[in-house]
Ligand SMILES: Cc1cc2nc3c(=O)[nH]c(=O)nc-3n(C[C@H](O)[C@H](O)[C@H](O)COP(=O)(O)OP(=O)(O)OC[C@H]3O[C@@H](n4cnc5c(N)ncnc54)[C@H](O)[C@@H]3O)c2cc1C
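To begin, one chain is listed below as structure tokens, in the form predicted on its own.
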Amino acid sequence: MDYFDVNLDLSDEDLALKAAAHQFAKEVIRPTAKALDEMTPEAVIADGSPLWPFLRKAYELGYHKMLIPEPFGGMGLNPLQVNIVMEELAWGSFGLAVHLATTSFVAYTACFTGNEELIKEFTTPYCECTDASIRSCWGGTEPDHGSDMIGMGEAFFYEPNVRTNCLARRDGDEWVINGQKAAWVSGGPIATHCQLHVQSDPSMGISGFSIFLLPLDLPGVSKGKPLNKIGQRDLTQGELFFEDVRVPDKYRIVAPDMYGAMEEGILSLANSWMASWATGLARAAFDEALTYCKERVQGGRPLAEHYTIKQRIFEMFARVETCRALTRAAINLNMNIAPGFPEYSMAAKITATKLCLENANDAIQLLGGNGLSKEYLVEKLFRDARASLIEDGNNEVLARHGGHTLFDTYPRSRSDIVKLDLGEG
């Protein structure tokens, strides 16, 4: 259902974007997500899968480049508009919304390097792509390292005896990469490009990472089977393997001396996007419960006429608005400034994912036995919501890091803010 937006300052353009994204979510994303949820991970990425028509349609409409600034060929959406579109797409499916955004990570990152050669190689072709033939992924997590890889400020982050599963070694004008990325690489099984985080200076421990942008058709790159999981089954994830993969030095965009700062910036953005998607899911659960309670008759009258049901539906409504308010504040802040303030995005991500799980859980309870049935959407919403508390940084680890940041920086000063201006490209 359409959902009233408490922001009365939305422009006609904002409202049009919202309506178009909602229609796409309802007519394309919802049925695609349902079909993919019932398929094996291998079938999801096979020829003939509904995933491919979804991606092609999304690319045709330009949703794949919603994050990219207009001077580089993107949609040129402002932070509020990014939030609006992300929420609507995630109302359709959290997993497919994440999947679509992930396809842009290499192109998005390249446009901020200031390197015209990289922009021409990675950003421009992606923005011009309408058939979904260019898709990226973010190679961060490893078999032995997950949320500890965002432990900036913790002692272990700098321990020289901490070795990772993927290493890069300098060889003249090239880097040689060996190792493995874990099964949680979103979009990995179908990606053509990767934003790869890899240890290049083992003497610095986890802090000794570099970030590379690279195509995945290089000799020595291979992929594992797609991951089988309980939730977000429409978001395909899988391992990446590197065996003596040679990449030119130009593909390295971040060296160890800047890795910690770059990770802070990534968290400032990615966590705010996660919060936007969680808001969409919280709203989807609220919509399903409200509709059902209006129609389901118990005790001779619709559930909606029972006092306790009204109270629970209102609590679900309040959670949606809480998610949206905090998320919009975080995304407006961190998509407008450099460097970002990660504690605000972490607060939004942690809060929104917790509340979307509460809404999904309450939706199941209100539907009773029907809530457990795959005939109804809410059981999928519950599984998808549960995954979000671990995704993009385990919530407990994010809270620990957010607390560390607060002790170092709070209270913030207006002088800390450097506003971004991408209007000139």
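The structure displayed is predicted, hence computed values, not measured ones. Numbering starts at 1 and follows the sequence shown.
The same protein also exists as the form predicted in complex with this ligand; that form is not shown, yet it is the one meant from here on.
Contact check for G146: a non-hydrogen atom falls within 4.5 Å of this ligand in the predicted complex. Contact between N361 and this ligand in the predicted complex is not found at the 4.5 Å heavy atom cutoff. The shortest heavy atom separation between E396 and this ligand in the predicted complex is within 4.5 Å. Interface membership of A387, defined by any non-hydrogen atom within 4.5 Å of this ligand in the predicted complex, is confirmed. Figure note: of the listed segments 331 to 339, 113 to 121, 79 to 87, 234 to 242, the one touching this ligand in the predicted complex, with heavy atoms no more than 4.5 Å away, is 234 to 242.
Interface residue among P189, G205, G140, G92 relative to this ligand in the predicted complex, by the heavy atom within 4.5 Å criterion: G140.
Contact with this ligand in the predicted complex, judged by any heavy atom within 4.5 Å, is made by just one of W184, Y158, Y292, F317: W184.
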